[in-house]
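Okay, so here's just one chain, in structure tokens, the form predicted on its own.
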């Protein structure tokens, strides 16, 4: 366990709490764990607290518990900045992750540029290819009667969608899967090596599309103009690298948590097979219960939040998995209701930085569940096994082994 960060002088002692997304109860890798559920009891404590053990680049973090307070923070980009310099701090790369780490008003120009590429219309244009890809992967597993979901389906499917979006051939899937495996599950050295490889690839792709335009994402980016000027190579590379880092692990993990729930609840499988139209609402409810991403910010200036002094430079954490179980927002918040309506979850964050890829992610999850339930009979977690779950910057699940009868 890393040493706790020093508690700043402006933090009242009664607001300091022993807490960590990385090493706390239910957060460390464990078999059969429930990392999202392990955080539900935070609603029994203070709505805002300081966690020196929850170290973020050497600092402790303020943790905001209530959904209403998280919305206030995430909406106020002027006070709570997204400019965290992820690649620079992790790898020494001066590379902007656009639009994730750009604050308004500049953020709006990039967002407006990218919105059409991830609009519902554009996502639906990819639907047939993505659905065919899911069906192909599942059909390759059906006759076996068993699989490990993450390596056999979730990651290959997510990487295939990424290649489709980027305009790259599916023949490169195994190569990208190797990079993804190192990036998300390797040692710190392997993770650094993987993201450097991805950045180098994006640099080559940017140069190629400047020489040889095509009908794809990167051509659109390198030919785009923002604020009246051409996009720089660094900006284009940052966009491409962010797509890889942000769009694979999160979707694959969400598929894993969804399939685990279904494997443990045969009645839910039966219900959705009998009424496939209910899958859209079911996906929303499972996004509420099993979100995978923490939202983090940095205070851009000294401020006060409900009487609590927050100083410039303080790290801020808005855990979606806590807001999504807020009893003030959701009746019976720890119960899964696959038909829940008016589901105001924040799995995709809130405010100006609400996830740009939310439409695509939703369709990936719906397609995955529809095609799986259509092709795989009643399935369960393989007896004698249990998936490995963990917390962290992205909550994850691994070694999810399922089996079913082959008729």
Partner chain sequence: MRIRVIRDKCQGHARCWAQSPALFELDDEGYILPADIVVPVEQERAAWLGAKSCPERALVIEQDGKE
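Everything numeric in this text was worked out from a predicted model, so none of it was measured. Residue numbers count along the first chain shown, from 1.
Below, we turn to the form predicted together with its partner chain, even though it does not appear here.
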{"item": "4.5 Å heavy atom contact, residue 124 to its partner chain in the predicted complex", "value": "yes"}
{"item": "Its partner chain contact at residue 228 in the predicted complex, heavy atom, 4.5 Å", "value": "no"}
{"item": "Distance check, residue 341 to its partner chain in the predicted complex, heavy atom within 4.5 Å", "value": "yes"}
{"item": "is_contact(residue 362, its partner chain) in the predicted complex, heavy atom dist at most 4.5 Å", "value": "yes"}
{"item": "Position in contact with its partner chain when the complex is considered in the predicted complex, options 52, 357, 33, 351, heavy atoms within 4.5 Å", "value": "351"}
{"item": "Heavy atom within 4.5 Å of its partner chain in the predicted complex - residue from 169, 116, 331, 307", "value": "116"}
{"item": "Its partner chain in the predicted complex: contacted by all of 68, 71 and 345, heavy atom 4.5 Å", "value": "yes"}
{"item": "Region of this chain that lies against its partner chain in the predicted complex, out of 147-155, 107-115, 258-266, 205-213 [heavy atom, 4.5 Å]", "value": "107-115"}
{"item": "Partner contacts for 284-320, taking its partner chain in the predicted complex and a 4.5 Å heavy atom cut-off", "value": "284"}
